[in-house]
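In the block that follows, a single chain appears as structure tokens, in the form predicted alone.
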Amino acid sequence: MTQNLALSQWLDAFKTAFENGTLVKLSLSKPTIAAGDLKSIDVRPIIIKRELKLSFTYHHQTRDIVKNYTHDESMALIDDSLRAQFCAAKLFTTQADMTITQKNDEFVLAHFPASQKTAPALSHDRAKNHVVEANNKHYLHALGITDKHGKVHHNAQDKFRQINKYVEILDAHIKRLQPAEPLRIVDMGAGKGYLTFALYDHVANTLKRNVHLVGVEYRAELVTQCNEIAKASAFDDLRFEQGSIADYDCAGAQIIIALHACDTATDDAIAKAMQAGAALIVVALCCHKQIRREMKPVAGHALEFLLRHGTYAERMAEMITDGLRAQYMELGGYKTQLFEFIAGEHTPKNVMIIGTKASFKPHEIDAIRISIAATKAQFGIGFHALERLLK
């Protein structure tokens, strides 16, 4: 069976199942190099505003992205993906299952008995499950996120999504940590305390952990305000202290977080956390002025055509700054993840780095050092702030 015939038959079966209501789902797997960090795609039928569509869930290395398409759009997308990005796919219908697999540049089609006999519910109106619930939360009302009835204000929807995403990420990592009593957490640069309150509430009241959490904030008026809200919320082991990130002693903390600490204050937080030996470091990254000022690409640089434009030089400075941060953390014994934690339409500051204690072999450390040196030389960087802080 030729490649085109096998693929055509599989796509025809998909089209028929969609049109007669027997489609359960389909999945694309075995990504090629062209897929990048995209691992797989799951597709299922769904009704949105009374129109039957197909919901695509793109499973990337560190995040999932969901998009909805019409049937015609979906046919084209699936066809293109199988020709370029994936080597296998499986179609599930209530009548039969069909797989298509690429072997020696040809697709092979196979049929199997139906593994699911019932078509799925198509309603899109599913209840949203939040890690942080809005009802009966004094701190959310005091911070202006909800009204007195626990309803999230329209202009606070993005902030509420951010809070939930932060806590969701931290929840998964906290559960992996070795039990510690009490669990000591420091939030460096707590600001108005949106995450600080939500995290304390989640750990103390949802996870039922004995926790001591300190929010460090330079602005005295915010410290006073947050301590009043903590007292009114009966959060006995949550307190806020006035001080700078650079000067605060966070020795003994198992978890240290810093959200959007400006410029090198992010590096101060990372250095403090590493020097304290924290088991978990979580930093939402902010501006990157220091490296931008340092960058002096050597003549004939391969990216010179981009770097002569300010906008692209700024973007490159962001990537270099954060990439080097991750490598310096690895030199200090932390396995790192650098990823976009929430969609860009909700906040432009959406990149996070997470560090967990790990061990590296000598040759791995040598490779990191070589990579750092090469990057600095390539972009004319004299030093990185974190490098000096860690000495």
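The numbering used is simple: start at 1 and walk along the sequence shown. Keep in mind that what you see is a predicted model, and the values were worked out from it rather than measured.
Keep in mind the form predicted in complex with a small molecule is missing from the figure; the text below concerns it.
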Contact stretch among 224 to 232, 170 to 178, 95 to 103, 243 to 251 - heavy atom within 4.5 Å of the small molecule in the predicted bound form: 243 to 251
Run the contact test on 159, 191 and 194 with a 4.5 Å heavy atom cut-off to the small molecule in the predicted bound form and return yes or no. yes
The single option of 84, 262, 114, 298 touching the small molecule in the predicted bound form, heavy atom within 4.5 Å: 262
By the heavy atom within 4.5 Å rule, which residue out of 151, 293, 219, 315 makes contact with the small molecule in the predicted bound form? 219
